[in-house]
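Only one chain is given next, in structure tokens, and it is the form predicted on its own.
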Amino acid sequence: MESDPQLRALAARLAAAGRLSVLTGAGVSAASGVPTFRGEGGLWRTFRAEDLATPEAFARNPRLVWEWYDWRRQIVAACAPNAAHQVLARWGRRPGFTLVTQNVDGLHELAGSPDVARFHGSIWEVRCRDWCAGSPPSWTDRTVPLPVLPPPCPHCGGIVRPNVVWFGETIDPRVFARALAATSCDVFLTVGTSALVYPAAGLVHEASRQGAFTAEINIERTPASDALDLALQGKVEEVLVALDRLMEAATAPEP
């Protein structure tokens, strides 16, 4: 793999980039055993993610939605960061690096990535459904499994909801501003994303408009592939490890 001229060219660009931004999606966590919830095997019982991850679904049946999230939390709790998370955590120590993730599983942080811009929130955070006066905006709860579904708000006795961004909801303006600022870079790399969910999928195109070199690493081509400067197919953890090795070789001092 490391002899691939496209991979070597991308590694050289990454090594030379003063400002590098990376957007990750579900494909990054696939090797850790986290289901993608899209495509084959993407159903839970008879429901699609799009049927459950909405404010309307939660209003109709909060217990059902929480059963799905409780199941997901139990799966993620048993998962560990894979080589892709570890490579990106190492890159996170370099100046000018920004990591934006669509994932809610927290594996980037567990791998040691600092200051991750979580575009869609975190499955490990909850908030009061009613924004009661006694509660903070959100808080961490890693209880697995949850003893009561839906979980009660400890501040008002109502119920809490996952602090994630559902279909039809807006991105936290502060997170969106960070993600948009990340498009002003030398190289913008998308890793393991379907390029289907907006506004996250639009970030790479905004980076291109600003003059960044844009590249994609995914198991298969996406709707964005033809518009980018480079699209590589393969298991993202394997491609990232190969890139990391090539970058180390490119920056190693002469003997």
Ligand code: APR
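Owing to the predicted nature of the structure, the values given are computational and were not obtained by experimental measurement. Numbers for residues come from their place in the sequence shown, where the first is 1.
The same protein also has a form predicted together with the named molecule, omitted here; what follows describes it.
Look up in the predicted complex whether Val197 has a non-hydrogen atom within 4.5 angstroms of the named molecule, and give yes or no.
Looking in the predicted complex, residue contacts with the named molecule include Val197, since a heavy atom lies within 4.5 Å.
Is Asn103 close to the named molecule in the predicted complex, meaning a heavy atom pair under 4.5 Å apart or at it?
Yes, Asn103 sits close enough to the named molecule in the predicted complex that at least one of its heavy atoms falls within 4.5 Å.
Might Val236 be said to contact the named molecule in the predicted complex, defining contact as any heavy atom within 4.5 Å?
Contact with the named molecule, yes.
Taking the named molecule as it sits in the predicted complex, is His120 near enough to touch it, meaning that at least one heavy atom pair lies within 4.5 angstroms?
Close contact exists here: in the predicted complex, His120 approaches the named molecule to within 4.5 Å, heavy atoms only.
Could you spot which one of Thr36, Ser225, Asn61, Ser208 gets a heavy atom to within 4.5 Å of the named molecule in the predicted complex?
After the contact test, the surviving option is Thr36.
Quick one: name the residues from 11-35 with any non-hydrogen atom within 4.5 angstroms of the named molecule in the predicted complex.
Contacts from 11-35: Gly25, Ala26, Gly27, Ala30.
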